[in-house]
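You are given structure tokens for the same protein chain in two forms, set apart as structure 1 and structure 2.
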Structure 1
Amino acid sequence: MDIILAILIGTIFGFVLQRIGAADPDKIIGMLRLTDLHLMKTIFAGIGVSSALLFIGLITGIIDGGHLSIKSMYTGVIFGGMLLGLGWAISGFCPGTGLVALGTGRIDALIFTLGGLAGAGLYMIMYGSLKGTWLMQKLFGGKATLIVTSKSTPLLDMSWGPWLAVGIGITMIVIAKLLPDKIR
């Protein structure tokens, strides 16, 4: 059953990423150069729609929070995020969209993926010496969220928190609408 869901949701996700232009390096670099914000609008809307519906589902009890999973916050998130941003900007691919682009028949995406396997492999080898250093220092108590979920320490622990999350989601959709198509 898990495998069927993996194929189903994975294929839908890859299909959607291709159809919004996220697997097209020209669209990614255009977004980062602020000359084509179409993808930025789409990402804002995507997070907004999923977050608003998720929290409405949690409030009404339609969605079971049991499958939520919060990632830890530690120093490495900042530095790793910066490195990912660097590689993303020079290549126009991130891990997921690189694979989707590979599926569309791009040779540069195949080379990106091979580079990615080498980078992940080096990290795997280096992990033993990074473990326990300042890079792994937990911040905000680790698994922290803004709003209470069943799986985290919330920064705002109020009964109306989930409604605020719905509000944040709707705000992101409004931002998506208001963002211009390009800034430069």
Structure 2
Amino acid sequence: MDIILAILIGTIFGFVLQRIGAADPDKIIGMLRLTDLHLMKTIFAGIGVSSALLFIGLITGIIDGGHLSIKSMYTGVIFGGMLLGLGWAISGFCPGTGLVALGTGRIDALIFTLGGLAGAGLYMIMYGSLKGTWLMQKLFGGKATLIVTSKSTPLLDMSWGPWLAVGIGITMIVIAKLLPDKIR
């Protein structure tokens, strides 16, 4: 049943990405050049709504923080993020939008996906030699979050930390509303 739910949610997510233009490299590059802000508005709104709802759920106890999957933060994540951003700017695809574009039959998305798989394979091969290096040293205690959960180190160990997180989410929604669609 879990795999069916994952396929259903993934299909809906892919459909939405396609409909908003996130699988179009010209739209993504327009966003990165700050000329077409439609996708940026959508991303800000999506992150803002989901963040606000998540933290409200945690505050009210509707969501158990112990069920959150928190990935470790280490130095290599910073370099990997920069590499991802560079690839995103050059290709016009991020991993998710590249797969959606591949589903539409784009040849450039096929090349992007094959390159991503080659990079992931290279990382798997190199992981053993990278494991003990400074790239894999944990930052902020490894699993850092804004608020306290059973699996993380809080960056803000304050009673108002969750409300700050809700405020950040709402701020992102407001920014999404205020941004123009295009800048000429």
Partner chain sequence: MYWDWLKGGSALGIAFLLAVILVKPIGVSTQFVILDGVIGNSINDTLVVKDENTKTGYGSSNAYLNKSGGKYAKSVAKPLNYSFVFVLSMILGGFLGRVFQGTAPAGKIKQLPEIHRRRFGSGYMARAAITFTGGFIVLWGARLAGGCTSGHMMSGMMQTSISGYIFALSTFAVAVPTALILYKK
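Definition used throughout: the rigid core is the maximal C-alpha set that superposes within 1.5 Å between two forms. Numbers given to residues start at 1 and step along the sequence of structure 1. Just so it is clear, the structure is predicted and the values come from calculations on it, not from any experiment.
Between the two displayed forms of this chain, it is structure 2 that matches the form predicted on its own.
If you fit the rigid core between structures 1 and 2, you'll see the Cα of L164 move by 2 angstroms or more.
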